[in-house]
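Have a look below at one chain only, the form predicted alone, in structure tokens format.
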């Protein structure tokens, strides 16, 4: 049986989350130290451990069938690949940053300036769209030091918390791209591997739906059941069960993480008691 080959980052900020996702999707494999590949024991899949920047090219060339990589890397490398699913982790932004005492209150400030970056393709595209002419210095590695050593007036780099910028005397000026981890695929998958990809996508969506929702159980007076049911519609409708105590019911439903606390306030206002909130491991819609 032919394996579908999935490339993940060999080391770095994406590796742990990528492997965690694959394991949550039910793929069992050993990722021992310094291994270059790992065979899943319960699914026709093989994980390849590669440099992050190399993953798009390996997927384009068919060395790997799928890859988990930052959206920013895909855009920078401009390879013949397909983005098939955003994964919801490793969220960051690509931002222009300047020395902390610099007043760059408009993107036009960068006109005629020198910008150091590891993402020249994305930066040049952004500047062209804004009709700005700047000198791009491509740097691999510690871009943050460029203004301090006189190489550039500003930088463009990945920002998560901004602490690295602050520690190097810089401040974020303009965000030019939002990025997160994505699943990419070769455009030349066989029918068999496309079927395997669809199975993996189904599992990823189930895992992500579970992350974004909570299972909620509560007790409510019967006169509030209809109102509470309208607050908690669930996937189709909530489950309502009579309690032994007359005049009360137990209501079970699913609530979106983003609206969770607002919902709790509404439920309490309508007499809900004994509210239990339980994480969902998988959610099949």
Ligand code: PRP
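Positions refer to the first chain, counted from 1. Since this is a predicted model, take the numbers as computed values, not measurements.
The same protein also exists as the form predicted in complex with the ligand; that form is not shown, yet it is the one meant from here on.
**OP:** Quick one: from 210, 158, 146, 182, grab the residue that has a heavy atom within 4.5 Å of the ligand in the predicted bound form.
**Re:** It is 158.
Original post:
Using a 4.5 Å cut on heavy atoms, which of 164, 198, 83, 175 is close to the ligand in the predicted bound form?
Top reply: None of the others qualify; the residue that does is 164.
Original post:
Does residue 13 make contact with the ligand in the predicted bound form, using a 4.5 Å heavy atom cut-off?
Top reply: Contact check for residue 13: yes, within 4.5 Å of the ligand in the predicted bound form.
Original post:
Hey, in the predicted bound form, does residue 46 get a heavy atom within 4.5 angstroms of the ligand?
Top reply: Outside the cut-off, so no.
**OP:** Examine residue 53 and determine whether its closest non-hydrogen atom to the ligand in the predicted bound form is within 4.5 angstroms.
**Re:** The answer is yes: residue 53 has a heavy atom within 4.5 Å of the ligand.
Original post:
Is residue 9 close enough to the ligand in the predicted bound form to count, meaning some heavy atom within 4.5 Å?
Top reply: Taking the distances in the predicted bound form, the answer for residue 9 is yes, it comes within 4.5 Å of the ligand.
Subject >> Which of 198-206, 150-158, 128-136, 184-192 lines the interface with the ligand in the predicted bound form (heavy atom within 4.5 Å) >> reply: Heavy atoms within 4.5 Å of the ligand in the predicted bound form occur in 150-158.
Subject >> Residues in 232-270 with any heavy atom within 4.5 Å of the ligand in the predicted bound form >> reply: Nothing in the stretch sits within 4.5 Å of the partner.
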